[in-house]
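What follows is one chain in structure tokens, specifically the form predicted alone.
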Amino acid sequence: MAASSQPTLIGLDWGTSSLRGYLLASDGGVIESVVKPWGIQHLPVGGFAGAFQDVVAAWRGRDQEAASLPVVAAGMVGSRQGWREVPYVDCPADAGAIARGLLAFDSEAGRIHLVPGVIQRGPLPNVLRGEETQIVGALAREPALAAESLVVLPGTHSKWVRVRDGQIIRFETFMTGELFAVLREHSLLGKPAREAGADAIGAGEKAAAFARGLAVARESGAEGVSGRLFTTRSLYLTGELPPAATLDYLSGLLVGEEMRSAIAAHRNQPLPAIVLIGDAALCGRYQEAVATFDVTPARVLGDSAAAGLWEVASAAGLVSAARDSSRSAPHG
């Protein structure tokens, strides 16, 4: 992935809270990248077009040909609240199906190709919006995962995605991160830690509190942690848990409940290799949680959005078209 590689594609991973841009080479490698705090709910002056133009300004200013590179954007930018809403493609879905669902439109900033999400239909439908691109990238980076794997993407809305024969075949969503944030900011459970401050105890005590929460969640069995959430407060009131450690304990309870529920959802078949994609620190906590529940050890693959954007563009014919035409014009 040499910096001298010829620019071939601009990829955008555009979520709720941030925008990541990638200038990709002809081999799919990242030449340069940029991160801005401009998720779809925090746009700068100029809205979507202004944010996009700011991200790519340096590349286009330095290389005139960059103005004609194809642009592929994934994530919440294609949601109902995004730049344009892109219809979901049905699960099961692979890179080809996702590529066929691309929505191209001409914006004031140029032609953009938006990646569709994936929908799992049924009485209780479920959706991916952005995670599908990460999974496509993960399978491209490690083809062995395509046969059978379980890809876990921790976050505000954690996703557990089953992959088989290169396809996303089913998935579950757990609102662990959002539930934690709500309880932290708007409930009695978060008050002691808010008042004590994050630096009131050391990393060791925090880690121990998180591990304790995981253990309590595991011991909750089929009943779940609903009846144990209040222990976040009762352990503090009895002096068994320092106030600054209560949120780490609560995090352990909630992540542990996610683990318990996810494992139960796959109880009728053996768990395949588990791969974690996302923030390194958060993935580390999920690795600990997986170990606590004595299931297949999980490993962290890291971010795979850029690889996924490249694969989708390639499957759609955008990359080869850009090379063959020497990027003389944007390709739709």
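Owing to the predicted nature of the structure, the values given are computational and were not obtained by experimental measurement. Residues carry their position along the shown sequence, with the first being 1.
Keep in mind that the form predicted in complex with another copy of the chain is missing from the display, and what follows is about it.
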query = Are all three residues G224, S234 and E240 in contact with another copy of the chain in the predicted complex, where contact means a non-hydrogen atom within 4.5 Å?
reply = yes
**Asked** Would R228 sit within 4.5 Å of another copy of the chain in the predicted complex, counting heavy atoms only?
**Response** yes
Notebook entry, point to check: Does another copy of the chain come within 4.5 Å of any heavy atom of H157 in the predicted complex?
Noted result: yes
* Does another copy of the chain come within 4.5 Å of any heavy atom of V182 in the predicted complex? -> yes
Flag P143 as yes or no: does it have a non-hydrogen atom within 4.5 angstroms of any non-hydrogen atom of another copy of the chain in the predicted complex? no
Given 99-107, 145-153, 124-132, 202-210, the stretch touching another copy of the chain in the predicted complex at heavy atoms within 4.5 Å is 124-132
Answer key: of R218, K191, R164, R84, within 4.5 Å of another copy of the chain in the predicted complex (heavy atoms) is K191
